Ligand code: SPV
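First, one chain by itself: the form predicted on its own, in structure tokens.
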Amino acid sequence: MQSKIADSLKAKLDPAGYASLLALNNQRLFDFIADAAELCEPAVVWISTDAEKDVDQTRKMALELGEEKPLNIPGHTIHFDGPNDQGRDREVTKYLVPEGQTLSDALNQAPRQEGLDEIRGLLKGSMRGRTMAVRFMTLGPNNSDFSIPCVECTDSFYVSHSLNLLYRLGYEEFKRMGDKAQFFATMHSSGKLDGRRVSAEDEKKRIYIDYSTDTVYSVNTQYGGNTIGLKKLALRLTIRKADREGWLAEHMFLAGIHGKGGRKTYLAGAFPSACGKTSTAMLPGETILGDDIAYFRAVDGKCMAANAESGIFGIIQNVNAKDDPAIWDVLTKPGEVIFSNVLVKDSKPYWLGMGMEPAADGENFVGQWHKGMKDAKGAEIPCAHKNARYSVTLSALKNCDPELNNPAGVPLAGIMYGGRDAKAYVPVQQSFDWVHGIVAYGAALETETTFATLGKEGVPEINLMSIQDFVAISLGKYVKNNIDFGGKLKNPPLVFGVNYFLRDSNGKFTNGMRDKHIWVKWMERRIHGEAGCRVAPTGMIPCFEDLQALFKEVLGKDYTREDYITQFTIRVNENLAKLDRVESFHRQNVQDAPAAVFEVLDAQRSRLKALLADKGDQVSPFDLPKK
């Protein structure tokens, strides 16, 4: 360690912490931590190793500082974010772009030096009188080709505690790598706090990603998606790393789906927030390997996948005993759980859609709350926020997949893309090939904005592969990387499109909440050649008899011809309108869109127009050919 840096850190560290840091032998790491300490001016710098005492210390500090409060079930705590800090904030999350470089116009960005000056000005002195925790974690399994070491400096012990639950401890991984560790870094401060220990200056909230140095800066916010640097913030950096190295970093869950003869087949799925992602990853009777971020590598012609995380920062709305038994079990028994932004009354948490009447008053994200309470605009304040969350480690779940920490990853056999599409796409379909799936289901993923992102809800938009907000390379290059990745594989995963939000002419959802299990089981059988299909212009759809058998087998439910017609009728004009929206998005926002995008869209348009001329606008699935 250089002498100037050493002197700077010695003044803030105790001897044990200094020795622990020195053992990591990485000058860039020393420079980053010293810069954070000098800029933010904490009273103390605390180095956390992988030792159990350090893991315990971060939990204790979160309670001692009042960032979390204990609940009545042992190990459960509650954390509140401010009323205007309840989700990822698109407007103030920006890429810092060096002079001479450009990103897609669809991405929020600022000139690098201008952005650094602004956010470092906001961070200056922000930790005075506080402890800066230095956390070492890894993305992906340790000691693996998937491993990415990460360091976060934060003055929030809620954030530090969340890291314990959501990621793998990484101090020993840094020590193993030494000066070869190419790490991601995050500098975070909650900023000025109010009496509830909540960030008080949300108008000064900023989350900036300096991709040229793999560094994230975050200030005046506590919400996990804005502050836990290894989450979506690091995903932006990982996408650039994957682009350089020839693999994929995806906003996808990973699940093990059981099939005939005791086999288990791994599938991945990309869904925007609040579109069914976690509930699909947590299907009863199956195993969950990850609910949010997955890494894919081509290894000897096979697609191998790993979960970047080891925990769940999940939306709690509508989690209930009937529909989500595995999560419900964890949320209602002793063990380590952090609840955020739910209602608390007499140390008991309540949330929207939990299947029981909430308390009539208590504390929630706005402070003291009572039923019927209204905000400044006259709108009624719900008992809990729609984007209220829970944080748990995956290993606490009974259905956690045993391969979670396998350094080699798991073989991936299928990928699904799903959004909120009320009018066009059927509930499930399989692409004609890899490129068709990547374009027609991934790059064409259409949804509606939800409560997980600040702003107006219910606005239709293209959310390319459910990763658009996080792509730190050009969108066209990102799509091309996905297309090209299939060429590295002997047998690429099959690609499926799903849509749980199709509505009938009366505005009623055509899917039942549990129907998604049928669609996933059909995928598993298609992968193994055990289910037929009918051929639609947009892809291959299930045959009635296969779904009839699956509904009876999986849900114990009768499935009628009328159900099948309602769900799988091809709405030709709605699909043509969808194609127009998708093409318009790519022509306007994806300046370097691959030619394959427009070729796939044109071919799909031709098939739809041919069907329209032959059979009209509303085409029964029984009128489509079997394959």
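Bear in mind the structure is a predicted one, so any value in this text is a computation, not a measurement. Note that residue numbering begins at 1 and tracks the sequence as displayed.
The form predicted together with the named molecule exists for this protein as well; it is not shown, and the discussion that follows is about that form.
- Not one of 146, 168 and 238 places a heavy atom within 4.5 Å of the named molecule in the model of the complex.
- The named molecule is not shown here, and in the model of the complex it never comes within 4.5 Å of any heavy atom of residue 157.
- Using a 4.5 angstroms threshold between heavy atoms, residue 476 stays clear of the named molecule in the model of the complex.
- Put simply, residue 286 is far from the named molecule in the model of the complex: not one heavy atom of it is within 4.5 Å.
- Interface membership of residue 205, defined by any non-hydrogen atom within 4.5 Å of the named molecule in the model of the complex, is ruled out.
- In summary, the region of this chain contacting the named molecule in the model of the complex, judged by heavy atoms within 4.5 Å and restricted to 295-303, 221-229, 537-545, 119-127, corresponds to 221-229.
- Among the residues 136, 313, 365, 183, the one placing a heavy atom within 4.5 Å of the named molecule in the model of the complex is 313.
- Checked against the named molecule in the model of the complex, the candidates 88, 76, 79, 521 yield a single residue with a heavy atom inside 4.5 Å, and that residue is 88.
- If you take 240-277 and check each residue for a heavy atom within 4.5 Å of the named molecule in the model of the complex, you get 251, 273, in sequence order.
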